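Shown here is one chain on its own, the form predicted on its own, set out as structure tokens.
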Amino acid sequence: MLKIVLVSILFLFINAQEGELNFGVTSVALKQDAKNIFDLTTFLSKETGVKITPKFAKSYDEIKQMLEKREVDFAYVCGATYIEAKHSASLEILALPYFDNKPFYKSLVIARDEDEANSLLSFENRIFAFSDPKSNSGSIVPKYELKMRGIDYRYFFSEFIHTYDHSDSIEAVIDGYVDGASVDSLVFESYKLLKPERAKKVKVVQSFGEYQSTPIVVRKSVDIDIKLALLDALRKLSHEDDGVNILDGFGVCRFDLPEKIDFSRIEMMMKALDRIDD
């Protein structure tokens, strides 16, 4: 009888724990996305019946630590962060964002509209902005592309910075603090929607990719029914007016779980940069 009681208490405890979930996001996305994140968690809470609270991190390293310490239950991360975290945390992919009905995005090199730059190589001995050091589009791709040309990025630019925020990288280019930057194509499209006049002051000088889009990951220990409910709710965003507004804010058309997911290209670049075990 005591064993049955203890099992019942444990079952109730697990259900109580799963009645609330923490959703991790980083500031690498647009700062203007904060309201969108709260709108998203409100939508997911309503659809799943589970209270979902957003937890904000300053970097991809911090969100990785939060996943490893079980401080968040699911999170919107970069592909590179997923590759690193899956080795130390028990994670699986819940959904991917789709842009133009494809679960892929690009890494864009940008400059001011009047700048004569026409490629990443145009920024030799100039000032360049990366986003988060673990961002694929904002850091790994341009550093890898230079490495493949026999160039060490640390000595290629006159100066470089890590803004930890794609929008800050865009703003730094517009305001002349840096000459160029590498940013996520999805974030760049969102920026153009949010600030069309400001966006006219920058241009894309080179595009790399496509790469598998940034995943929403979930701890494997989260109850399977809750994971399925979350996936259903994410899919439902594209069928509800308030959901479409949320998707528009992120610059994506829907979330889904494709049959084939392949992060091997990103992992290859990370290994080439000796980042996989950092």
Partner chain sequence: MIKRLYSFPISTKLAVSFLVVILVFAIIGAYISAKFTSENINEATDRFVEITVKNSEEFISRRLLEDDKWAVYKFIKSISENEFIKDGVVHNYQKVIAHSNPKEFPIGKYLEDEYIKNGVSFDMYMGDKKLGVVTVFKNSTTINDKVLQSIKRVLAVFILVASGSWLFAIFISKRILKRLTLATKNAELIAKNQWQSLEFKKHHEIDEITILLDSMESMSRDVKAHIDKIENLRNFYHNILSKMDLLILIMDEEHSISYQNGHPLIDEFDIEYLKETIVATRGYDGTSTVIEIKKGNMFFIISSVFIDNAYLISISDITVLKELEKKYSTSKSLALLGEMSSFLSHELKNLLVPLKLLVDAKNLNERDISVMKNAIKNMDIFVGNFLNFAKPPNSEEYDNIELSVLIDEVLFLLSSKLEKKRINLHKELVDMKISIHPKAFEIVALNLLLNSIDACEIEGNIWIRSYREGDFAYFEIEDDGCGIPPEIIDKIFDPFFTTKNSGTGLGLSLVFRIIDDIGAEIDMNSQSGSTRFIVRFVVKNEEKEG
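Numbering follows the first chain given and starts at 1. In this text the structure is predicted, and so the values were computed from the model without any measurement.
The following text describes the form predicted in complex with the partner chain, which does not appear among the structures shown.
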property: Partner-contacting position among 161, 151, 117, 89 - heavy atom within 4.5 Å of the partner chain in the predicted complex; result: 161
property: Partner-contacting position among 93, 172, 146, 199 - heavy atom within 4.5 Å of the partner chain in the predicted complex; result: 172
property: Answer range among 73 to 81, 100 to 108, 162 to 170, 135 to 143 for contact with the partner chain, defined in the predicted complex as heavy atoms within 4.5 Å; result: 162 to 170
property: Residue contact check: residue 58 to the partner chain in the predicted complex, 4.5 Å heavy atom; result: yes
property: Partner proximity in the predicted complex: residue 177 to the partner chain, non-hydrogen atom cutoff 4.5 Å; result: yes
property: is_contact(residue 205, the partner chain) in the predicted complex, heavy atom dist at most 4.5 Å; result: no
property: In the predicted complex, residue 121 touching the partner chain (heavy atom, 4.5 Å); result: no
property: Neighbours of the partner chain in the predicted complex among 115 to 146 [non-hydrogen atom within 4.5 angstroms]; result: 127
